[in-house]
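So here's one chain in two forms, each on its own in structure tokens, numbered structure 1 and structure 2.
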Structure 1
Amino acid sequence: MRNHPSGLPFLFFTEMWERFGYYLMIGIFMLYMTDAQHGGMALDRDVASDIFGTFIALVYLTPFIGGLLADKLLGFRRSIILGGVLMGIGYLMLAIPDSPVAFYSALGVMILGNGFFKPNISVLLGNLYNEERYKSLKDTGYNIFYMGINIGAFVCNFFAAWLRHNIGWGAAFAAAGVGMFIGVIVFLVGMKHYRHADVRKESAAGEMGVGRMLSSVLLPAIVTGIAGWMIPGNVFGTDSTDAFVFGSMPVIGFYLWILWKAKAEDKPRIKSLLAIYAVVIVFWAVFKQNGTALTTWAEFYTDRTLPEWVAAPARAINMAQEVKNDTSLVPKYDSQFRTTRDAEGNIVKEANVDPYFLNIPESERPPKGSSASLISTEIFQSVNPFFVVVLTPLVIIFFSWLRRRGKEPTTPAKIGWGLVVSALSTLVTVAAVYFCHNGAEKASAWWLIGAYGVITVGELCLSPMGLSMVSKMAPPHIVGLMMGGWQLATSLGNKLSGVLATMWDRYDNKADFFWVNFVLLTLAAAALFLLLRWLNRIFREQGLS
């Protein structure tokens, strides 16, 4: 980081700790909601997927408001501090046991906090690179920043596994809150290094004020969201999806209004951003299934048995998940691990072995009464950030090598190739389904690791490049708002990921589920490459790369 702004390390570690808390919570969220054996909420998988998708969608929708208020009222530093404190409080609230009120209130507080934190730390980082001597390093700076995100995301799941197995769900959620507050402290310590970058731009002539923006956009979004929830029946599958889609319409309309009212010199910039926002929705719809469909795949379909050379030290520090091969009262599952409920809505239970052993032949199970040492399901959530940390330097070196030869792809082209590579990752999971005979036997963990490895390459070509693109391309007086637009696209993709995940149990052949993901990503990649010449022309005209 020697040639980069002095504020980069502090923003790096702030984001690292913030992501430690967020991904710790996300890594166990689906498991907690569907757990019917160890004190979880015992929700059906489709209901839990809907809650999961709605939460991660709203987490990325509120940055629209946070970016607007930072741009026009609070400034970026105040917004980041406020958002971090709110998220920390939300994680601690989530640790309160057996309280639906605390559970849903915690989700609301976290959603609001992320709205203030997420877009503004990215904008503040971009502002540090606006000095002439740093401009050429902006993509690299975002790659380094993105690596910090993933260090936090990698480490957190080991804490989550130990805490939930040895203490309980509440302790794991509380640890997320502690991580968030550490991040806030780091940010405060480094304040002098980015005070100069916290510059609010003057509004353009004729641009509406913040009060009018909120009343014209936020109020209609709330009203249409409530209307969507109350529509008899369902238009898009569930009440929450209806509410989200209808509530998003005024926000989407607002961005189209910004384009319509923009000055002539700003219109090409905004058009190119909106076009890329629309395409990357599909990437997030597939990528964010790591917390739902892929977590289910890891829990029930993946061989999680630890080799003895790993199991022994893991047992010594209580990191292994011990599953006893004995008969006990457990939820009743069908061949695709779907639970059933009785007339009162309770999960039907039966005397059987632990569900983990259901698709393992008896001859391959541990002796009766003894235990198998397993890797905890949430640890697989660390595979993607591990690959990000390992591969980020290689990606930086690769693009630097191309840059020196004048062959570096433009930012839109990098995003397009990211979509192509991500589509290939879904073929790995398709192959996994065939090789494990659709879950009749456990799939090797290497299939899941391989899928994460491939999609990580796609992610590194897309996500940090997208953040860099917004910072470069957005008109200066609305850069926070347009960063909120990137988060809005992520939000829509996240919600779509939840919608897709609710269909998991509807597919008897799981390969069909992953084929749908492949088709969606292939179509998105094709759309972007069709737009590429136009996007590259705008980048050239604006003096960008």
Structure 2
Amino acid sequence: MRNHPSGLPFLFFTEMWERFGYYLMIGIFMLYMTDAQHGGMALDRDVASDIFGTFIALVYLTPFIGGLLADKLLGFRRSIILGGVLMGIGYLMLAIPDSPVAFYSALGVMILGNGFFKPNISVLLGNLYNEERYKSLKDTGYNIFYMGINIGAFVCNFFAAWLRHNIGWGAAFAAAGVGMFIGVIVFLVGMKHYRHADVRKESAAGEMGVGRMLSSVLLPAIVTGIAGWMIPGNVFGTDSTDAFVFGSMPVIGFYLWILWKAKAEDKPRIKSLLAIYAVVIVFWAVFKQNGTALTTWAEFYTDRTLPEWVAAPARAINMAQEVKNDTSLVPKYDSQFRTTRDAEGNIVKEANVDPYFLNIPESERPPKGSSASLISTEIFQSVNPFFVVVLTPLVIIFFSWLRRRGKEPTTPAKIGWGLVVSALSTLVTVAAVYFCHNGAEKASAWWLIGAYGVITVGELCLSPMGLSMVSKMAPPHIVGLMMGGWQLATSLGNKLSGVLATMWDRYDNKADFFWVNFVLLTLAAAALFLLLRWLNRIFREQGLS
């Protein structure tokens, strides 16, 4: 660390706390929206999935605008502080109970804040390494920074679990806000270490200005998005999906227009990137179901009983979720854990055991009146960051080993294999459904941990090289726009993940739900491998094979 810029530790801890807040909120978001037992919003699962998908889609869309404004107007430090404060306020607003106005305003403020914060802290870090003496350490610097992200994402769910079980939902969301404000304070303390790195980029020749960008892309997108929301009835299932699809049309049209107008020598590079964006959408559509469908799977279908050697210390610090085996008034669930509503739209309740015990035979439940100590559902969200930390060195070693033998796959091939491995992860969940007889009994937690492990390998083949690949492949005068295209693809994938998750309750056999994911990923991988020779040729021509 001593050889790195003095600003690195401050940016590391700022990002760690920011991710702590974001992933804490994301880890319990679906649970909070669907909870009808402990003061949650009691929304139907499809409505909650739609909100979740739309939120994470917009969270990935606004950095495009935030990056642009920081670059041309606000500067990076101000954008980071403004974004951090907005996100902190958003999390605190989410802690306000029983107010749909506060809830939706909170989501809006968080989306806006993320747009200012997320892209600019990465750029500021990159700028710190632009000094000649640090240039060779840039990749290591980003790896250290990436560790901060994963530590924050790993730790936060334990805090969320403790707070929501011991105090309530509001305390957990407030903790996300506190984490974010700690991040902002750390950033302010280290200000003198990155003052010199807050330099705005000179506009390159042929680069599009903010005004033109706003009028030709963003304004039409907003107008068509609002039109999509307002049209009577639904074209794509829900108002938010209609708005998103309609709003995306001008943006997609804009990228096709860029391709149309590009010089002949630039066209293959743009085409290859657009082809990769299209398949990457499918990856995110499946991957981001960790917050929706897989959270539902963890909540109701997974055996979350803690082994006694973990349960005892967990109980000592109130970390275990204690669920008592007695009869009380609980929401009435069917065999697929769907709630039912009466004529007034209220969730029907009945005197029964806690829903967790519904698919556990009576003989295997704890004695009447005593409790089972469970691992809290959101802690499964820590499995992915854990695997990222553990598997990243292994994946790097594996590719280095292949490189030494002259067999390292090209970047497009790695993306293709990433899709194949991700498809395999859905087979793990399909197998889990068969082994637990479609939820008639609980599945071992190892199925879910295994599925997360496999999809993390897929993620590591595909995601880390994404932005660097775009920066190298895009024609120099539209690098920023093509980076935005990668973000847009992620955003569309996130939205699609919500759309797919809304269908969870429509499948009586949950294996069919996961088969759909498998088919989508397989088709995306097949499309990529069909284009592989063409993609490899273009990448080779750019010195990127």
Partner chain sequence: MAKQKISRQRSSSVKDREEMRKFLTILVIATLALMILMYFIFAG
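Sequence positions of structure 1, starting at 1, serve as the residue numbers. Quick caveat: nothing in here was measured; it's all calculated off a predicted structure. Between two forms, the rigid core is the largest collection of C-alphas that superpose within 1.5 Å.
As summarised for this chain, the first structure is the form predicted on its own, and the second is not. A displacement of less than 2 angstroms separates the C-alpha positions of E322 between structures 1 and 2, with the rigid core held in common. After superposition on the rigid core, the Cα of L137 moves by 2 Å or more between structures 1 and 2.
Superposed on the core, the two forms barely differ at F387: its CA moves less than 2 Å between structures 1 and 2. Here the two forms are laid over each other by their core, and the C-alpha of I185 is off by 5.0 Å between structures 1 and 2.
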